[in-house]
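One chain follows as structure tokens, the form predicted alone.
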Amino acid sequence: MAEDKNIAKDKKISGYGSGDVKTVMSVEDVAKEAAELSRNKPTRKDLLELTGNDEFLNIESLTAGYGAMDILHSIDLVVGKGQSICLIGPNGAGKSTILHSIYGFTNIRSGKIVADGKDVTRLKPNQKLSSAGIAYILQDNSVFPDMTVTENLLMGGYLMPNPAKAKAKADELLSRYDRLAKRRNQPARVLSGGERRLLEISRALMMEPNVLLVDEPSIGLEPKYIDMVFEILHELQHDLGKTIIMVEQNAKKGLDFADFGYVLVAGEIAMAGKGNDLLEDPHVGRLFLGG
């Protein structure tokens, strides 16, 4: 079990890899076949064993949604410290809603969310960041285009009580990422798509979070920048010990990166397993990997 928990640090992420489409499936066919996966959905015990019984972030029987509509139905999710999960599934399955629920953007009807032994279910987003060490990296372009790179970073430290500490952290991050350091005094609008994503990731690191919620890191990026972003996420997990929960449109890329994958269907967990095992699963390949 220790071998399952400790993922090799020299795992490299490369290539875009969308697979070969051999069969054209309608949206209805995908939804129908995906629903079949739920017949043997994993138990909570299965999820715990998958992580080596490490419950650093733990979601238990969570039902949540927006307004009066429930999207997630009694969801369980477990991830250990320094581990990563990629959530995949059809459109509308509830993948991003899991991230939103962890961060406090949804209406939670029942269940609980525990991070590092602390019940964070009802905390507001700013409390999740400041007191629970949970940061959210949005899928949308969220940089402030007319602010400089440094000013954007300082916005990530707005909850810090000491401006000098925020500046020191921004300088540390700039020293880590030369691409940003070269443009530190330039407006963010001049950055490439990959550099903007790097700035968004760096801004999320200002408060030194333990958990990163990463929503569609590859969306809108050229393949060379996708590789760069995933290499950075790899370093954050394996070198800095960050716990990562990711939603990724490129299921092959996401599962290749992650320690574990969860397949969501209609707001429920239909499958869960090691990322490499799901990559080799014929049902997952047919429905989500293009071949």
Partner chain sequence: MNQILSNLELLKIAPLINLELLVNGLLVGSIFALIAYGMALVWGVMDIINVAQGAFVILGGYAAFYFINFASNLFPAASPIIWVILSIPIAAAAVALFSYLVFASVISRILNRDLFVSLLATFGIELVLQQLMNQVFTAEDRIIDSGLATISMFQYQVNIPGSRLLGAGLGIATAIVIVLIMRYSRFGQAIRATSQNARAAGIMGIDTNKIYALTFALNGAICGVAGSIVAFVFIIHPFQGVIYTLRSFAIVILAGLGNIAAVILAGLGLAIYENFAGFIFGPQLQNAFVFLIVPVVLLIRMYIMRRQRKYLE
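Computed from a predicted structure; not experimentally measured. Numbering follows the first chain given and starts at 1.
Below: the form predicted in complex with its partner chain, not depicted.
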item	value
Residue stretch of 83-91, 174-182, 102-110, 115-123 approaching its partner chain in the predicted complex, non-hydrogen atom distance within 4.5 Å	102-110
Contact test in the predicted complex: A168 vs its partner chain, heavy atoms, 4.5 Å	no
Non-hydrogen atom contact L159 with its partner chain in the predicted complex at 4.5 angstroms	yes
Its partner chain contact in the predicted complex: E208, any heavy atom under 4.5 Å	no
Close approach of S131 to its partner chain in the predicted complex, 4.5 Å, heavy atom	no
Contact set, 200-233 vs its partner chain in the predicted complex - heavy atom within 4.5 angstroms	R203
